[in-house]
Structure formats: structure tokens, C-alpha cells
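Below sits a lone chain in C-alpha cells, taken as the form predicted on its own.
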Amino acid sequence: MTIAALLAGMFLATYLTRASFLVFGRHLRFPPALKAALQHVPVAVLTAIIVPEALAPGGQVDISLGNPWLVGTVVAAVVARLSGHLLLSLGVSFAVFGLMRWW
């Protein structure tokens, strides 16, 4: 198969999947249980992206205070929980991460 055929196939699969919700979206009715479950998808996706890198930067598991990725992630979670401000938690965690990498 050529690269052009692969790209065309990926384009069609992506386009048709997304277009189906635009075309048929008004007629779809999701049950309340599914709506409630879908609210947890963003948190689950972000956790799946962040946790492996925080616990195993570079592919090696490192659960110690010397791991700047882990410490920065924990600091971000604590600051976000206590303050409720996303930007503040990002700034503080980036500062902690940067200081740990610099020293």
C-alpha cells in the first residue's frame, strides 16, 4: 500500500467518524448513565498521559524525591487542590521542576 492510500484511508476514517456526530447528532440521545460516565473521560485521559511520565521519566521507574517530574506533578496537584487556580498550580510546579533540574 502506498503512503497516499494510507493517508486517504486515515482521513476518511477520521472525517466520517467526526462528521457522523454533526449529521446525526441531533437525533442521538444518550442514557443518563453514559452521560455521567463521559464526564470522567478528560480526567482519565490526562491521568493516563501524565502519570507514566511522572513515575518513570525516560522509561525507568523512579519514585523518589529526586525525581523532578514526580515532585512537580505532586506539587501541581496539591496547589491546584488548595488554591483552585490552574495557572497558579502550573506556575508553581514549573518553578519547582525547574529548580530541581537546575540543582
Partner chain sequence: MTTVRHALYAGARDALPLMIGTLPFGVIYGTTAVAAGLSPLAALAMSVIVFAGSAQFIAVSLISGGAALPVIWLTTFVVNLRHALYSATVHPAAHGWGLRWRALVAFWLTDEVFAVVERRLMERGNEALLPYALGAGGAFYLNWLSWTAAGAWLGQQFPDLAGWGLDFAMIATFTAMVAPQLRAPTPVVVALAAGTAAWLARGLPFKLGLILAAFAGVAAGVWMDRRNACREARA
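Residue numbers count along the first chain shown, from 1. Quantities reported herein were computed from a predicted structural model and do not represent experimental measurements. Heads up, when I say rigid core I mean the largest set of C-alphas that superpose within 1.5 Å between the two forms.
Beyond the structure shown, there is the form predicted together with the partner chain, which is absent from this document and is the topic of what follows.
Mark T47 yes when one of its heavy atoms lies within 4.5 Å of a heavy atom of the partner chain in the predicted bound form, and no otherwise. Yes, T47 lies within 4.5 Å of the partner chain in the predicted bound form.
Find out whether any non-hydrogen atom of I3 is located within 4.5 angstroms of the partner chain in the predicted bound form, and reply yes or no. Within the cut-off, so yes.
Contact flag, L65 vs the partner chain in the predicted bound form, heavy atom cut 4.5 Å: Because no heavy atom of L65 falls inside 4.5 Å of the partner chain in the predicted bound form, the answer is no.
Using 4.5 Å between non-hydrogen atoms, is L99 touching the partner chain in the predicted bound form? Answer no; every heavy atom of L99 is more than 4.5 Å from the partner chain in the predicted bound form.
Residue by residue through 68-103, tell me which have a non-hydrogen atom within 4.5 angstroms of the partner chain in the predicted bound form. If the 4.5 Å heavy-atom criterion is applied to the partner chain in the predicted bound form, 68-103 yields P68, W69, G72, T73, A76, A77, A80, R81, L86, L87, S89, L90, S93, F94, F97, R101, W102.
Could you check whether the CA atom of L12 moves 2 Å or more between this form and the one not shown, using the rigid core for the fit? L12 C-alpha, core-superposed: shift of 2 Å or more.
Core-aligned, does P32 move its Cα 2 Å or more between this form and the one not shown? It does shift by 2 Å or more.
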